[in-house]
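Take a look at this single chain in structure tokens; it is the form predicted alone.
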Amino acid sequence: MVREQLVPRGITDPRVLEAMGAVPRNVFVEDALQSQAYGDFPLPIGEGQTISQPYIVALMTQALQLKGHEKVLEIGTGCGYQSAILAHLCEKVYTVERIKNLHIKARRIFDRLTLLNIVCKIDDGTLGWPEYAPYDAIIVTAAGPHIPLPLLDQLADPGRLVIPVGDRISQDLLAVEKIDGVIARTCIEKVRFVSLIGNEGWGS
């Protein structure tokens, strides 16, 4: 996966490549889909949600430019795969999931893999997690119509945020940087994500 899917497509951060090779993706995939766990495509995880293809996970992670000391907020725990990758690359991961069943499954996997630096809860992720703000980096794994203002408010200065923004069909994957109170946005790639549901996303 790392050699054939990630390196040829521009994933160059050695720490990201190491994490992608270290985290067993198959653990986060349903039994019936085990033969496809490392394929270059998203897979269903139940509840109308998906696990992103490995390349997109690596691309979003690389865009955060993590060095190891950061506190990271993830919006959309899903199956927990992105959380696990982040856990290998930063000091602490705070992850929010709105769907109870996914939250429970992910928590069990974190315990199984002894990923003790992940803290998770069930809530409206579009509102962030104010209790532990500010965050050095924020990653959003679902697409909204705009960047939720609470997330920008909870982003440290300097800080980086990666989020897909657009309509429900296609989006721009944005790398957002906050420096001295100024917000700069860069489009990394065209993508297609599940919808970001919540008060600051799509209503339902």
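Residue positions are given as counts along the sequence shown, with the first one as 1. Owing to the predicted nature of the structure, the values given are computational and were not obtained by experimental measurement.
What comes next is about the form predicted in complex with a small molecule, which does not appear here.
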### Task
Would you mind picking out the stretch of 153-161, 42-50, 167-175, 61-69 that comes within 4.5 angstroms of the small molecule in the model of the complex, counting non-hydrogen atoms?
42-50
### Interface membership of residue 2, the small molecule in the model of the complex, 4.5 Å heavy atom rule
no
### Task
Give a yes or no for residue 142: in the model of the complex, does one of its heavy atoms lie within 4.5 Å of a heavy atom belonging to the small molecule?
yes
#### Entry: Exercise: residue 124 in contact with the small molecule in the model of the complex, heavy atom 4.5 Å
yes
### Message
Taking the small molecule as it sits in the model of the complex, is residue 194 in contact with it (heavy atom to heavy atom, 4.5 Å or less)?
### Response
yes
### Selected contact from 133, 119, 109, 99, since only one has a non-hydrogen atom within 4.5 angstroms of the small molecule in the model of the complex
99
